[in-house]
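Given next, in C-alpha cells, is a single chain: the form predicted alone.
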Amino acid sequence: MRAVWTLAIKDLRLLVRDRVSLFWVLAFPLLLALFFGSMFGGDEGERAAMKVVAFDESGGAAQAFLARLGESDAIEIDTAPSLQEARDRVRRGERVAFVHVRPDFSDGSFAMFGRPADARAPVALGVDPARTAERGLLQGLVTQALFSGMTESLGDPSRMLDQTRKVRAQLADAPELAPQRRRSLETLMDALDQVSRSNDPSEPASEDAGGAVPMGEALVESVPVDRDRSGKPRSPYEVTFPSSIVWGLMGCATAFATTLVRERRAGTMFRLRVSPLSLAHVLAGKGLACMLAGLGASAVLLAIGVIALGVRVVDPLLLGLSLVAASACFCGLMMVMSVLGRTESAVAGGSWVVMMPLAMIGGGMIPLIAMPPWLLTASNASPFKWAIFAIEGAVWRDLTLAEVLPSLLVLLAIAVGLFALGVTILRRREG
C-alpha cells in the first residue's frame, strides 16, 4: 500500500506543475459556474412540454381550471395525492413545478374580487430552483387558465348571476369589511347583475347602476420547493456549482488519462514494470491519484462557492459520499480514456470526443428539462446526470440518503466496470 501512495503522490505533484491541466481542473469549471450563475434565469429556446404535478385541495372546484391548464401544449400535467408528494417530486427533479390549488379557490369571474388584503392567493406555484427560466412561462400559463375561467363566466348570464349571489352572501358574512369597500363591491355586483339580466330575458332587470373595483391581490403565489431552513434567499450559484464540480472531475480524468499515455511513451511505465512493483500497483496508484485530485478540486471549488458566492450545503455527509462516488466514476472513465489511443494527442482528442456528448446529454451543458423525451432517456447513460443529481441532493435539493442512493450505486457501478475494462485493455497492450 505504501508503494501505491508513493505513486499517487508523484502523479499529484506532476498535476500541480502542469498549468494547462490545472486550468481544466479548476479554472474552467469555476468560469462555467460564474457564467451560468450570473445569467441564470435567462430565456431558453423551444423545449419539450414541461411536466407539472398538481394537488387540488378545493374539493373539485378547480377541475375546470386544471383542465384548461392541461390543454396547453407547453404543459404535461398530472396529479399528486398530497401537497408533500407534489413538492417532493419537484425537489427530486421528477417534475418542473407543482401547482397547489388551495381550499379557498373559486373559479370564474370572482376569483379575484372581494378578497381581504391579507388573503392568500388561491393558487400556489412551486418551481424547481434549477428551472428558473420556466418560472415566468408557468406563471403566465396558470394566470391565463384562471382568466379563461373568468371569460367563460362572463359569457354565461346564468353562471354570472349565480356567482354574484355567492359574492353577496360572502359580503353579508363579512362584517369586518370596510364600509367603503363594501359599497364598492355591492355597486359592482349590481352592475354585473344588470348586464347579466340584459342578456337573459328570464331574469328581471335591476334599476341600479354599477361601478368598478380594482383587481384584488395576485392570484398566483410563488412558493419555495426546497426545505430551506435559513430564511434567506437561495443563491443561483448553488444551482450551478454542482455541474461545475462535475466539469472539474472531467478535467481531472482527462489530465490523468493523458499523463498515463505520456508515461507509456516516455518509458516510465516500462521502468516501473521492471521494478518490484506490479502493474496492479502502478494502476492502483494512478487511480488513487486521480480520485484524490478530483476530491481536492471539488473541495477548492466548494470553498470558493461557500466563502465568496454564498453557496450553502444542506447535508455535508451526503455531499462527501456523493463526491467520493462521482470521483470514483470519473476515475474509471480516466482508465478507459487512457487506452483510446497510443499518443497523447490521440488520447486528449478522444477524451473530449467522449466527454462532451456525455456532458451535453447529462445536463452539464443543456438542462434536462429542455431535452425531448428520447434524449431524456439517453441521458441515463451519462455519468454527468447521476453525479450532478447526487451533488445537488446534498447542496440544495435536501434529498435523503435513500433518495440519492440509486445515483451513488450507478456511479460506483460505472466506476468498477470502466476501470476493469481499461485495465483489461491495457494489460493486453502491455503484453
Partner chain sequence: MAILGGAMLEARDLRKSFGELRAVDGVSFDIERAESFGLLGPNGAGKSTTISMLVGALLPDSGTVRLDGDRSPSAPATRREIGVAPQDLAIYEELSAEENLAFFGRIYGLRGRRLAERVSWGLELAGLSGRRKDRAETFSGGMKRRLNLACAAVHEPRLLLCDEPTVGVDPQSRNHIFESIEALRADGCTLLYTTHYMEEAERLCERVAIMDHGRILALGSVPELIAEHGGAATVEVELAEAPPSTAVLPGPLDGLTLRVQTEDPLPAVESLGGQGLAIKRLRIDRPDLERVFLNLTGRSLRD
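Just so we're clear, the structure is a prediction, and the values are computed from it rather than from any experiment. Numbering follows the first chain given and starts at 1.
From this point on, the text means the form predicted in complex with its partner chain, which you will not see here.
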item: Per-stretch contact check against its partner chain in the model of the complex, the hit in 303 to 311, 325 to 333, 258 to 266, 88 to 96 (non-hydrogen atom, 4.5 angstroms); value: 258 to 266
item: Touches its partner chain in the model of the complex: residue 83 (any heavy atom, 4.5 Å); value: no
item: Contact flag, residue 180 vs its partner chain in the model of the complex, heavy atom cut 4.5 Å; value: no
item: Heavy atom of residue 2 within 4.5 Å of its partner chain in the model of the complex; value: yes
item: Contact of residue 270 with its partner chain in the model of the complex (heavy atom, 4.5 Å); value: yes
item: Single option in 280, 274, 172, 317 placed near its partner chain in the model of the complex, where near means a heavy atom within 4.5 Å; value: 274
